[in-house]
Every structure is written in structure tokens, then in C-alpha cells.
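This document opens with one chain alone, in C-alpha cells, the form predicted alone.
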Amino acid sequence: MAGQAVGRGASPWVREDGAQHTFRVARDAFTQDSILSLERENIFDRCWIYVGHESEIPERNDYLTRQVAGRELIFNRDRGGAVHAFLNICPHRGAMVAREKKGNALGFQCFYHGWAFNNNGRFATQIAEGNYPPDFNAQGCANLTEVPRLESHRGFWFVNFDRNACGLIEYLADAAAIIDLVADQSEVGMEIVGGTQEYGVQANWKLLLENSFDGYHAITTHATYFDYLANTAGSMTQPLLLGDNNRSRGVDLGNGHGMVEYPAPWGRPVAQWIKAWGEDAKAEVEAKERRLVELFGPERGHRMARLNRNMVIFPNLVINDIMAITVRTFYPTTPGQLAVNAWTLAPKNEAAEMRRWRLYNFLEFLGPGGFATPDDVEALESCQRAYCNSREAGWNDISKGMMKSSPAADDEAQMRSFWREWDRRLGAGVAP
């Protein structure tokens, strides 16, 4: 197949032909162990990876344990309030030091041989004389190991296992401004509400990534949900028109990040009212929008209130600011299997009734038992099963909207931005 490779001289995985307006991705990229090894080395070990939100460790000495990019980590605040991310491994014999999901502790003690550590990572074990030299820990060999890089933006904390990587803000590029649109929805800050949704999917991780900002599939894959809205009194404000270029768009945010932004028919606690919420909620929602306009001006205020956003931050963070705010990460365990973690984010000062509707929206549509996720899982697992045919039918098409100067939310420009960066990193083997 004739085409121009992206990212290097003869890519075996991505073919882009600007003249013919075609973009193809090899289906082998979803099935090969060798590809996953390259991804771990050149993407997950070199990119900024989301570890958690500041609201999950709000107090001094709070901690949580989390698997991130194949590592077991401790994400915590020490007694002085500083935030850390430690590798959850004892420097003695390698057992996990913290074994609870979360807690509040001045320190950690390994259950295997009792080595103890302050929550700033410093070795805190009383050593009996004669067992180790007096300067045993002079070079920090017995301290917990911190991740090479830890930085944050607007309460979202990221780790990087490449000490020489660029800074987080440079890496986020235009995605930083979209995070700001989410964080600015509250004057007192945002918080993760409730616990973590954890589930697995029998599909390649890149299928879930594509799906997370794919507007094209919404009407067909989630037809049951839209039928439900249409038949539930007061649950829709207008039809969903993802292909209306005047009201929706697909955006390349730089460095492989992308977004779709669009109006949608469902209620948004900030700040789009629907009749199903009742008249009492209408005044509160309208007051929220007026306050956003007062703080940020009409254009940005109405954008925050009324427009929906599905954003992917390369390689594996999804922030969906739709009928609720979802924060989702995922990591491949095999080429055909991934593990998903998801949370909901909300304003700290949100009224009880709006919080109730937000959580209802989150569970109704976005949770693993809602309308959307089972549909998506079935679609992704169907793709993965069908890739057994890749020897004879070897390429996915991601060309929709290539002829447009302003792609809409149901086009695939945002996916192409991901694949170009993916291909560049696997081809070059180095981060920018």
C-alpha cells in the first residue's frame, strides 16, 4: 500500500498519505508481544504518567498505594506536608513496605524483617551495634527510593521514570489549559469523590485510548443510552450533533495529547440544567454559570458550563468532563489485556443535590455497570478477537476528517495525533 510513513523513514505500523487523505495503523500493533516491550521501554518508562490527585492525600501523613506503569508506588504527604512518590519496595530484601490501599501514618515498616522508614522516606530502624558499620546509610542506601521525577499541575500529580525527561508543563503542552478548564470549575478546589473503580478489559490498551475520545461511535454503540434519554422526561436539552463543525471539534493538543469538545444533551452540574432535575435546581445551576462568566468572561465561562470535553493525555490518562468528570488510567498487562482505574472528580463546595446528580450521572453512564462502559468493553473486545485476521486484513483506518481544515468531534484528528506520537517514540526510542 502506497503511503508516507509518520515519525521515521519506513514505519511498519503507521502509514499516512496526505495527498490521498488516508491514515492507516497496522493491526499487529495491538497483538504483538514485541510491540508491548517497545511501549514499556519507550513510552511508559519515559512519559509523564498520572499517579493521583492531591485531594486523595489531603492531610499530612496521608498515603495511598497504587500500581503505576507496572510499578508499585507509595503516594503520600510527609509530616511537613510535602508530597512524595516512593517505589513500594524495601531496600533490604525487596518486600512491599506499605500493604494497605490507603491510610495515615508517620512512617512505614516492612513486615518481613521490620525495617522502618519515616514518611519522608528516611531509614528509621534502630541498628544493633556490630551488625552494620556506623556509616551504613551515609549514602542513603537504606532509604526508600523516590521516583526519578514527580511534578503536578492544578492538583494532578504525575511521575516520570526518566530523570532526563522534559518538565511536566512542557510535556502537557496545550492539554494544560484543558486541565485548567476542569480545575477552575470550583473556587475552592476539586476533589476525588468516593473510591476507585477497578476492572479489566480483554483488549489492547490503545483500543481503550482511542475509544475514550472517539465521538464517531457514540450514536451507534450507545444507542440504548440515547433512547433512554429520549424516553425519560426532561433528560435531554437537544439532539447530540457531534458532526456540527460550528459547535464541535477534534483537537490535537500537542505531544500526542488530543481532545474532542462538543455540546451534548445531558445535564451538567456545572452548569447545564435539564428539566429532570426540577425547578429548585435550576436557579442554582444558572447561578453557577453566572459566576463562571463573572470570573472568566463570557466566552470561557459559557465554554466551561455548556461544552463537554473528552481528553486523552498521552499515553494513558483520560479526563472526561461530560455529564460528570471522570479521571481514568489504564495499563497493559499483556498485548490483549489491560487494567483500568477510574475516579470521579467534583467541586469541593458542591451542593448536596448537585453532588447527588453528578454521582448518578457518573454511575449511570460511565461506571462499569452503566450504559456506556459495557457497550465499550464489548466493542473493544470484539476488535481484539477479530485481530486474529490481521495477516490477511492488516490495517485499521483512521482517516475520517482528514480533508477538513476544522475536524469535528466525530472525526478522527485527535486519534491521529496520538498515533503520530506513538510511532515517533517507538521509532526514535527517545523522549523529546
Partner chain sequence: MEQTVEAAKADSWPATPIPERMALQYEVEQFLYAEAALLDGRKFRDWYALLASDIHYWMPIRRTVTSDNLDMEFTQPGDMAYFDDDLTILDMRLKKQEAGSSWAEEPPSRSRHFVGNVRILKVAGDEVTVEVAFYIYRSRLNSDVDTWVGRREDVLRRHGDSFQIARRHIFLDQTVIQSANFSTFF
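Just so we're clear, the structure is a prediction, and the values are computed from it rather than from any experiment. Numbering follows the first chain given and starts at 1.
There is also a form predicted in complex with its partner chain; it is not shown, and the following applies to it.
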**Fill in**
Here the chain appears without its partner; judged in the model of the complex, the stretch of 371-379, 400-408, 52-60, 386-394 with heavy atoms within 4.5 Å of its partner chain is 371-379
**in the model of the complex, the residue from G94, G114, G130, G194 that sits within 4.5 Å of its partner chain by heavy atoms** = G194
**Message:** Within 4.5 Å, heavy atoms only, which of G189, G254, G103, P148 is in contact with its partner chain in the model of the complex?
**Reply:** G103
**Message:** Checking a candidate spot here: are Q32, H302 and T333 all in contact with its partner chain in the model of the complex (at least one heavy atom each within 4.5 Å)?
**Reply:** no
**Residue contact check: F158 to its partner chain in the model of the complex, 4.5 Å heavy atom** = no
**Message:** With a cut-off of 4.5 Å between heavy atoms, is L359 one of the residues that contacts its partner chain in the model of the complex?
**Reply:** yes
**Prompt:** So in the model of the complex, does R99 come within 4.5 Å of its partner chain, heavy atom to heavy atom?
**Reply:** yes
**Prompt:** Applying a 4.5 Å heavy atom distance criterion, does N120 contact its partner chain in the model of the complex?
**Reply:** no
**Prompt:** Going by its partner chain in the model of the complex, which residues of 209-226 come within 4.5 Å of it through any heavy atom?
**Reply:** T220, T221, A223, T224
